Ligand SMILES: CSC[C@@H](O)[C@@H](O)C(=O)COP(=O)(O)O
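Only one chain is included here, represented as structure tokens and corresponding to the form predicted alone.
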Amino acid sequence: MTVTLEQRADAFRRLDEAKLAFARRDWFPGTSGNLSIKLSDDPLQFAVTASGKDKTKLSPEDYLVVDGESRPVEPTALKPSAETLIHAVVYKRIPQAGACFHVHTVWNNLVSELYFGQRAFSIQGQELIKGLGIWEENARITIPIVENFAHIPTLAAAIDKVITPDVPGVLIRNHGIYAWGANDFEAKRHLESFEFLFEYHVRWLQLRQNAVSLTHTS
């Protein structure tokens, strides 16, 4: 399949929208994070954020198109994000994924550290689980957590082993989350749902601890 200029421009526009929405939430501290939208399956090609760009701003050189090995498909001075290989793993492992978003937040870092011993974080009975496309009553989800390997191929291989189509996300310990969906709208919804669940859970733990402390001191 040949990717047209119109498809490329449309993907860049949609990445702009997602990037600015997440930037307004301060989800890209220190130019961290990366976003991609798949353009074709065979061969695998996707638009991805360029490395080192300020994601609170827009410029003509924010994105490039890469192949399944994370190599630019055309000559360019831009470098893909160092973690582009992880996006490629997601698209290969989860063929129905059409967009993949990665952000760093305090809440996802806290959850990844709190539950790294179990290598997964589970939560049950929360309304926002429906935002992940899971509608069962009193539903429970479990999102895997992997070690934050500095060697990106090792990190990508660890992610490849644990992700499934059932839960559209993976946490990296003290690093961030990758969330995906069939398209950019769904990936954004999944990411927002995960982040709500993480923040809720950590705040609930804090309130519970405060309540226990008050009980012991009264």
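All figures in this text were calculated on a predicted structure; none of them were measured in a lab. Start at 1 with the first residue shown and count on from there.
The form predicted in complex with the ligand exists for this protein as well; it is not shown, and the discussion that follows is about that form.
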**Asked** Out of 75-83, 133-141, 113-121, 88-96, where are the residues with a heavy atom within 4.5 Å of the ligand in the predicted bound form?
**Response** 75-83
**Message:** Check for me whether the ligand, as it appears in the predicted bound form, comes within 4.5 angstroms of all of T31, S51 and K55 - heavy atoms only.
**Reply:** yes
**Prompt:** Does the ligand get within 4.5 angstroms of any non-hydrogen atom of H175 in the predicted bound form?
**Reply:** yes
